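A single chain, nothing else alongside it, follows as C-alpha cells in the form predicted on its own.
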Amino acid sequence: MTDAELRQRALKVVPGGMYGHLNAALFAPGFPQFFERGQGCRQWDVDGREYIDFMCSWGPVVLGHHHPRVEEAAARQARLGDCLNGPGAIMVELAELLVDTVPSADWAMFSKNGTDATTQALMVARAATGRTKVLMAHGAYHGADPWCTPSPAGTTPNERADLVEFTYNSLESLEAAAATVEGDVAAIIVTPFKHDSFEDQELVEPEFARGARALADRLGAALVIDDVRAGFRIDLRGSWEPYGVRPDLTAWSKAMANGYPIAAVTGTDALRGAAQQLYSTGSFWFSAVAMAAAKATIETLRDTDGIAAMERAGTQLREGLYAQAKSYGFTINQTGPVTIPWLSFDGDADLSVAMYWTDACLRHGVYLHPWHNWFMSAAHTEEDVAKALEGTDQAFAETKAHFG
C-alpha cells in the first residue's frame, strides 16, 4: 500500500486524512505521511524510501529506534504485565531514578503526554498557592489542551483567561506582566530556551533565567520549567541546571522513554502536599512497560554520556551545513542548542526556500523540517552525519539552481 493510497483511504475515515503536528500537509509537498519502520537513526516510509532522520519522531527517540537495552527492559516488563490494577514496582524505581538524577526533584508523578505534564504542573501550582494566574511567554508552545493549544478551534476565551503573556528573555516584560495581576500569580511557566515554530530559536539569557527564579520567589509563585521538548538532550539534571537555576516544578516527556508513551512532573518537597491534593489520573498513566523503557533510557543516557554524543553529532552537522550554505552563496541562521538544532534562510519570510530545500533533502535521503526545530539522537554517528551532509549538499545545489 503506497503513501498516496493510504492518504486516500484515510480521507474517508480520519478528519482531513490526518490531524495534529504530524499532518504532512503542513510541510513541503514531498513529505511522506505514512511510515513503515525505524532502526537506529533511520526511518523508512511506506513507499520504501530510507531517510537519515533528524526529527527523531519529533523528539521522543533519543537513543535510536529499537535500542537493545530499552527494548529488552520493555519486553521483560511486558511479559510480566503492563496495564494492571495498580502500578508495578517499576513506578517506584523510576521515581527514585528521577529524584536521584534531577536536583530539583523530591518526588515524581507520571502521565502520558507533555500536555498532561504541563497541565498537571500548573494544577499543583494553583493548589499550592490558591491563586489563578499563570505568566507565560508569548507564542510559547506548552501543549494541546484548551488552555494552551495554538489553535482556538473548539475552545472558549475563558479557557485562556488566566494566562498573562510576557516576552521571552525580557525581565522587564516579565515584571510588567506580573504587575498586572499582582497578588494572584500561581506560576511562571517557561521553556528552557525559546523554540517557537516558524522562528529562529533563542537561547535563554542567564540573567533572565535567574531573574525569573527571583521573581517567582518574591511573588510566592511556582517556577515551572517546561522541559518536555528539551529534557534529556541538554542536561540530564534539567535544562536550567547549568545556569544554577532550579525550578519548583518540571514537566518532562518526549525523550524520556525513547519513544514509549510517558510523561512526568517532578517537584520540590514544598509542593508535595499540593500534589497529593490533586485528582489527576488516566487509565493508561500507570502502565508499566513505558516506565521500564523510561528507566532504561535515562540510565543508558547516563551510563554512555549520550548527551555528549548528541553534542558531537550536532556540532558536526551544524559546521557542515554552514560550510555548504556558504559555498552556494546562502546566508543561513542555525539556532538553538546543537542537540536541538534548526536552520533558516536569511530573507525567507514565506519559507519558500526552506520548503524547497527540505523537500530536496528528502529526495536525497535526509529528513529535516522546514519550520520546526530538529532533534539529534545518540544513534547519530560521525558516519551517519557525514552521509547526511552528502544529501544536504546536493539539496543546496538544487536549491541554488532553482532560485538562482
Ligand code: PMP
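Keep in mind that this is a model prediction, so the values were computed, not measured. The first residue of the shown sequence is 1; numbering continues from there.
Absent from the display: the form predicted together with the ligand. The rest refers to it.
The partner is not drawn, yet in the predicted complex one stretch among 152-160, 76-84, 280-288, 226-234 has residues with heavy atoms inside 4.5 Å of the ligand: 226-234. Residue contact check for Thr118: one or more of its heavy atoms lie within 4.5 Å of the ligand in the predicted complex. Shown alone here, Gly114 lies within 4.5 Å of the ligand in the predicted complex, counting heavy atoms only. The shortest heavy atom separation between Arg213 and the ligand in the predicted complex exceeds 4.5 Å. In the predicted complex, the ligand lies farther than 4.5 Å from every heavy atom of Gly88. With the partner removed from view, the residue among Tyr168, Phe330, Tyr260, Tyr141 that has a non-hydrogen atom within 4.5 Å of the ligand in the predicted complex turns out to be Tyr141.
None of Thr191, Gln316, Ser104, Thr129 but one reaches within 4.5 angstroms of the ligand in the predicted complex through a heavy atom, and that residue is Thr191.
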